[in-house]
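Okay, so here's just one chain, in structure tokens, the form predicted alone.
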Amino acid sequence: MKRRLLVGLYLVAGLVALAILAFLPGGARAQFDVLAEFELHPIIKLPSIGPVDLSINKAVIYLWITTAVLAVCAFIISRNIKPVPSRFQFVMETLYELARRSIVGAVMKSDQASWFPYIAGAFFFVLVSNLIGLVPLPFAENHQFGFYAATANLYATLALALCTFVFTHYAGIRKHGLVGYVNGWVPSSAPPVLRQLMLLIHAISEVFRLVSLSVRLFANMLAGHSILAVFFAMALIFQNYLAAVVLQAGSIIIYLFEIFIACIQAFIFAILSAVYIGGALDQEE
């Protein structure tokens, strides 16, 4: 009986609090430009080389932060490996085994040891970059704290995809030779009339692999950060405390979902890279 009464009191108190928030004035209207959060302005202005601007913007800084975090983690792990792992070592070993067994081991049939460093490096780089994008850092407009991921920039994801693209064809040419690798794009049983057409279609598909690998990662990270920014902007526009509470609760749910997306996108990028390189190595199969 007392428990029911206590629950009823909490419920009434909650409804009263929501009613107060609904009618409480929200203060002066504020403005927030969602697109401005993704614009890249030079933080350190440097001269250009032709069409290439060498200025340092926040995307470059986020890439530097990612590299620094990976370097520090690698240094700490290499100096503190223990037979009975700590929690940090256990997490790193789990991620390592995920990259070695569930990505490279599950997809590639040959030369796993040769290509594991690149596949694992791409996995950890994308993963850390995605997660750092969910940490508020003072690189937003007017040096305010905000969310931004280097992988939400198409140039960054395109550079990563180009690495996979180049290594894929390098692996295939190194193992089969240029002529043998290109001939492997078409089944040996294909009629001579169709060989040229099939070669052209396969060449186009290789280019679209590059596009899809880069755009998939870029679009997913950009969409998630855009939704978070929109929820924050709506809280400022409505100027109502109840709406702000509801929107911020929704943004927390989206934030947790973005952590899952950050992890799964790193896994997808790595496993597709392994599929492409493994396919170039094992064409005859």
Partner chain sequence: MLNPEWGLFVWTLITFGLSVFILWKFAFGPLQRVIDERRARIQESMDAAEQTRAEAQSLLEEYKETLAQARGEAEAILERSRSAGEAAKAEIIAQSRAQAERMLGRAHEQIERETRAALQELKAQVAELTLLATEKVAARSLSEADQRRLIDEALADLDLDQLRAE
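Positions refer to the first chain, counted from 1. Note that the structure is a prediction, hence the values are computed from the model and not measured.
Keep in mind the form predicted together with the partner chain is missing from the figure; the text below concerns it.
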*Choose one stretch from 196-204, 175-183, 131-139, 111-119: the one whose residues place a heavy atom within 4.5 angstroms of the partner chain in the predicted bound form.*
111-119
*If you check in the predicted bound form, is Gln248 within 4.5 Å of the partner chain, heavy atoms only?*
no
*Touches the partner chain in the predicted bound form: Tyr96 (any heavy atom, 4.5 Å)*: yes
*Classify Phe147 as contacting or not contacting the partner chain in the predicted bound form by the rule of any non-hydrogen atom within 4.5 angstroms, answering yes or no.*
no
*Does the partner chain get within 4.5 angstroms of any non-hydrogen atom of Tyr155 in the predicted bound form?*
yes
*Sequence-ordered residues of 44-74 touching the partner chain in the predicted bound form, heavy atom within 4.5 Å*: Leu46, Pro51, Val52, Asp53, Leu54, Ser55, Ile56, Asn57, Ala59, Val60, Leu63, Trp64, Thr67, Leu70, Ala71, Ala74
